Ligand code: KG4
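Quick setup: one chain, the form predicted alone, written in structure tokens, and binding and motion questions come after.
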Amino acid sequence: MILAIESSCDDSAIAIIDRATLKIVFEAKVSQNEAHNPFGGVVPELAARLHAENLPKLLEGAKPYFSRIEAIAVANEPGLTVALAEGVVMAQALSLALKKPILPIHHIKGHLYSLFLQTKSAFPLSAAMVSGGHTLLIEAQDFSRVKQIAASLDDALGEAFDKIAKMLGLGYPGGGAIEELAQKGDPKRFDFPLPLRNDPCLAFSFSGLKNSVRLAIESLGALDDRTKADIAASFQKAAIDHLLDKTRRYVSKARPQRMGLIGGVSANKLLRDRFAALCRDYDCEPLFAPAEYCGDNAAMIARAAIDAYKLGLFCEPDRIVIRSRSAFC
């Protein structure tokens, strides 16, 4: 079995997967949403302190499996440096105590493998990564050969959802709140601009859209519930339109056999439905992670580590590199 630790942002998580069956035999997770809500976003130092408190508690439940652990996997990049460090320190301690090797796992590769929880991985594939920290198009030939095709020039999609939610007084995190409120609104009431509409570059941008929403809110003054719902629906529509406009440009040229949608925002039902329809237009198989595994979790790190284990991608405990930002090879 492989034990995995995820602490790249504000979720503390530990999971164990059986290498032979791919079955998740243990998983535990603590969200920090309530602690960060008053600040409208993640406070890195607070996240690290809570990881230091939560991870040892979660590990207690994994102790019955220690005799069968073959390796320790840990997310080491990209993410909040102080948060990643808490998971890495625990992995180092477990490696020394259990005399087992460490498998450092790229956090976004973990999200790729969320598509293959409890099932065999299927490569090559392309994917759109949409979360609070990243908006990317990536191509993966296998575990080791992953490259970035496009990225956001400014805000990530999930970050834009969070900021609009804050403007509307919906709290943090904002993705689910915006999606729920948007179901009650009219997506055509506000004609927010489609970012980079006439720009041929393959890139994303959400700062201009976010600013347009801000200006609309300021011009309206006090907002009633209906107006808030209409703003949420109109913003959500514009954001998804933009994401899929650029994704369609990529898919129409690259014609991938499989196209995954990964990251926390991929749990959005409207986005999933429209992404699936786009893939059908180009005879491309759409892949989705189960909704409960779209956000950060340790099961995806453990699943990626199974392929890393087969390739022998082990690391000495004192040689793990922590990076806040990193590109694929």
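Keep in mind it's a predicted model, so treat the numbers as computed, not measured. Note that residue numbering begins at 1 and tracks the sequence as displayed.
The discussion below concerns the form predicted in complex with the named molecule, not included here.
- Scanning 47, 267, 287, 62 against the named molecule in the predicted bound form with a 4.5 Å heavy atom cut-off leaves one residue, 267.
- Here is the short version: of 110, 195, 185, 132, the single residue with a heavy atom within 4.5 Å of the named molecule in the predicted bound form is 132.
- Looking at residue 161, you'd find a heavy atom of it within 4.5 angstroms of the named molecule in the predicted bound form.
- Heavy atoms of residue 104 never reach within 4.5 Å of the named molecule in the predicted bound form, leaving it off the interface.
- Within this chain, residue 179 lines the site of the named molecule in the predicted bound form, having a heavy atom no more than 4.5 Å away.
- When contacts are judged by a 4.5 Å heavy atom cut-off, residue 278 does not count as touching the named molecule in the predicted bound form.
- Picking from 278-286, 66-74, 291-299, 48-56 the stretch near the named molecule in the predicted bound form, with a 4.5 Å limit on heavy atoms, gives 291-299.
- Along 166-187, a non-hydrogen atom within 4.5 Å of the named molecule in the predicted bound form is carried by 173, 174, 175, 176, 179, in order along the sequence.
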